[in-house]
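Form predicted on its own, single chain, as structure tokens, below.
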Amino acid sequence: MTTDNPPVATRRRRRGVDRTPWGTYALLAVFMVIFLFPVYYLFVGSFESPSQTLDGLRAAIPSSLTLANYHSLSQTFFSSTITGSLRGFYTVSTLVSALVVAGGLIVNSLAGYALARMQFRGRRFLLLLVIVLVIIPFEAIAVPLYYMLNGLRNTLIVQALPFVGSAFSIYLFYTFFLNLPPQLEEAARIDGAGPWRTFVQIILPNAKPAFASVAILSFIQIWSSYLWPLMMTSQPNVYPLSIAIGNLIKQQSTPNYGEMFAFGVLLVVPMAVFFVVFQRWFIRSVASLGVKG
């Protein structure tokens, strides 16, 4: 005799699967609002008058919007050898970020692959050194680097050079390559592929999540870098955006928070766009490596 009713155990499993964790979603929504509200306030404040911008939480619901802050900002930094220009700031930040991201992906991926796959004397010591360097803050080595690279001050290369090689990026690549099945390389060697061909044609296509993660983290780090450019630049033609916004504050006898918010938006938007473009690979990398924030 058959019946249309499923067994009790099956019904229980289905109820467990179909049960929606509304409490979890509500908690995530609260955290999302907490993290996104400052960004929202920054964008809204950039379109308000300075008096509205400083009106506390009431400024989150603007009564009027204006482009006056952006217009004033463009006039202040239009084209001047004294203050620099917005186009110049963007150009410097873009070129330095491109050097760091592109050079870092090449250097750090090769170093991480060598530590993960190659067996050579001193490998364990190098890996331990990388781990130690991960926990050393950049501020601890900023002064020695300043004296080492003092001859390159006020250049683009000096702003990028210390950040191309990154211990954290090397370790991230090392962890990812360590989890790739070695059978991929064994099959490539059987087909006659050498180490370089194996790395380019076999490893790189399977390492897109790791490359996206390193690109995003490197871009955010260098785009928002402040201490090192402040130490190594003194001419407006080589100022990145992070230094220019500091100079804007110094030039104002009375702080204009509307202009500051507008400059902040110009600084944040490229980072947000870069993350949105590569977020799919970044999330996949975080899921596969179990990287904790």
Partner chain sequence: MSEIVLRHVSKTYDNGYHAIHDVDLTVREGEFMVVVGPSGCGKSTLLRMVAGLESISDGEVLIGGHVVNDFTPGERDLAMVFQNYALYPHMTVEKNIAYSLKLRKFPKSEIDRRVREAAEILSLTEYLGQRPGRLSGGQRQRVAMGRAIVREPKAFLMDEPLSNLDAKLRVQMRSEILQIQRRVGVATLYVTHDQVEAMTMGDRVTVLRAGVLQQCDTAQVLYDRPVNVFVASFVGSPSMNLLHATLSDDATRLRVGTQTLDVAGAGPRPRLASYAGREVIVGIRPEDLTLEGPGEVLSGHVGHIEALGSELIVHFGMDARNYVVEDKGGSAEEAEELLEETALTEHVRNVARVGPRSAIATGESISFRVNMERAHFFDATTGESIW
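Numbering follows the first chain given and starts at 1. Owing to the predicted nature of the structure, the values given are computational and were not obtained by experimental measurement.
Beyond the structure shown, there is the form predicted in complex with its partner chain, which is absent from this document and is the topic of what follows.
Visitor: From the list Leu133, Leu184, Leu156, Leu127, which entry has a heavy atom within 4.5 Å of its partner chain in the model of the complex?
Guide: Exactly one listed residue reaches within 4.5 Å, namely Leu184.
Visitor: Only one of Leu95, Leu178, Ala193, Ala142 gets a heavy atom within 4.5 Å of its partner chain in the model of the complex. Which one?
Guide: Among Leu95, Leu178, Ala193, Ala142, a heavy atom within 4.5 Å of its partner chain in the model of the complex occurs only for Ala193.
Visitor: Does its partner chain get within 4.5 angstroms of any non-hydrogen atom of Arg87 in the model of the complex?
Guide: No.
Visitor: Would you classify His71 as touching its partner chain in the model of the complex, given a 4.5 Å non-hydrogen atom cut-off?
Guide: Result no; His71 lies far from its partner chain in the model of the complex.
Visitor: Verify the contact flag for Leu105: yes if a non-hydrogen atom of it lies within 4.5 Å of a non-hydrogen atom of its partner chain in the model of the complex, no if not.
Guide: No, no contact at 4.5 Å.
Visitor: Using heavy atoms and a 4.5 Å limit, would one call Thr91 a contact residue for its partner chain in the model of the complex?
Guide: Taking the distances in the model of the complex, the answer for Thr91 is no, it never comes within 4.5 Å of its partner chain.
Visitor: Taking Arg189, Gln201 and Pro205 together, does each of them reach its partner chain in the model of the complex with some heavy atom inside 4.5 Å?
Guide: Every listed residue reaches its partner chain in the model of the complex, so yes.
Visitor: Determine which one of 143-151, 205-213, 95-103, 163-171 lies within 4.5 Å of its partner chain in the model of the complex, judging by heavy atom distances; exactly one does.
Guide: The contacting stretch is 205-213.
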